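The chain below stands alone and is given as structure tokens, in the form predicted on its own.
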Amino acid sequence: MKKSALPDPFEEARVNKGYGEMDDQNDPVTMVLGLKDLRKCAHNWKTFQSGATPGRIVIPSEVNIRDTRQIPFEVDPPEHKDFRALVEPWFKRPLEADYKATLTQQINDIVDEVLAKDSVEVVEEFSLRLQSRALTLLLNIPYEESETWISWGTHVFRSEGEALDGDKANILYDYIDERITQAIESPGADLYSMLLAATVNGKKLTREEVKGVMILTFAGGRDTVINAVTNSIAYFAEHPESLDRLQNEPDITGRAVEELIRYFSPLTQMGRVVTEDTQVCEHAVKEDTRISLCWASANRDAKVFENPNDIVLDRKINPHVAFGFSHHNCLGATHARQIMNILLTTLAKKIKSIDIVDYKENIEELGEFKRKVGYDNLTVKFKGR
């Protein structure tokens, strides 16, 4: 098996029964594994709730490390629609020409930086830096602020060997509180200031609501972008012909981005809280237990995807759910897609080959399943064209 491969640990359970089971801090989870069943549950927000105790729909659960509700992520309709309508235009800014031009320059610069080095640890020295620098654009704040975020390391809520780390999470919460105070005292053109000046249904957002949007913005797009970028580098190291193809056929770049995101599924799953006794996949689930929408499993469903365990760069039919599904589809998807589109274009133009020197896989323990989600570290040598 290639070093860049991400096996599908869910296939047997998905085919035989449609669900899996795992425990998470004594709060068990029934995992919905097939694409059709997952979509059905995602649509049914009345039975499978996002607006539960803050942190509970995340797996691993964050109820012990935060009590701020992430918005609009942990809000159900009809309120969800109002919050989403407020923030969505801001998160579509990556489509603007100036935004794209600046992001292109950032990604060109970091590729040039790593080309000048003998070897590079991709997670810390490439993916984290790329993600943090790009986030300054999304928040519309000075580029230099990215150095603070880089100093936090790759995980906002976790430290080495810990599922959750409340002390580390408090670094983020305290930082956001400070920046909200600064924006109150000296408003600007940044996301904090936009939220503080905004109204939903005629009411100004509370400080706690602003904080909820900002926590989501920081936490939701960190590990996921880092995983997507790092896994892509590993893939191209073992498939240099794919870089050549992207250089020769730039029109397939958009489809290649969707296919890499489908295959890597940077976020394995997301939970919902059950509001009444019901069934999923003919399996009984009780009120106030949790299910998860297992994006990573659904994205390998052979009933939907031909050759699901292969990366087909120009895959034409690709209804993946790596960015979620239904009203809670990922708010940062436009930003993430733009990063990946520009990254693939830049790598195809500048990189001839990538050699893997050393690596350690990041394996998630999910009850009966073990899933490779990416790498704890990946050292490579880049060779330019």
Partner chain sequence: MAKITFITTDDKTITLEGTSGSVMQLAVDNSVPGIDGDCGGVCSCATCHVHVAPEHIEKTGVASEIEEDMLDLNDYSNERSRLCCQLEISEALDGLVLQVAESD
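None of these values were measured; they are calculated from a predicted model. Positions refer to the first chain, counted from 1.
This protein has a second form, the form predicted together with the partner chain, left out of what is shown; the following refers to that one.
- The partner is absent here; in the predicted complex, the one residue of R337, R56, K350, R69 having a heavy atom within 4.5 Å of the partner chain is R337.
- Residue in contact with the partner chain in the predicted complex (any heavy atom within 4.5 Å), chosen from L243, I141, M270, V304: V304.
- For the candidate spot formed by K92, E258 and I317, every residue has a non-hydrogen atom within 4.5 angstroms of the partner chain in the predicted complex.
- Residues with any non-hydrogen atom within 4.5 angstroms of the partner chain in the predicted complex fall in just one of 226-234, 288-296, 309-317, 124-132: 309-317.
- Under a 4.5 angstroms non-hydrogen atom cutoff, the partner chain in the predicted complex lacks Y359 among its neighbouring residues.
- Within this chain, K81 lines the site of the partner chain in the predicted complex, having a heavy atom no more than 4.5 Å away.
- Using a 4.5 Å cut-off on any heavy atom, the residues of 37-61 that reach the partner chain in the predicted complex are, in sequence order, R39, K40, H43.
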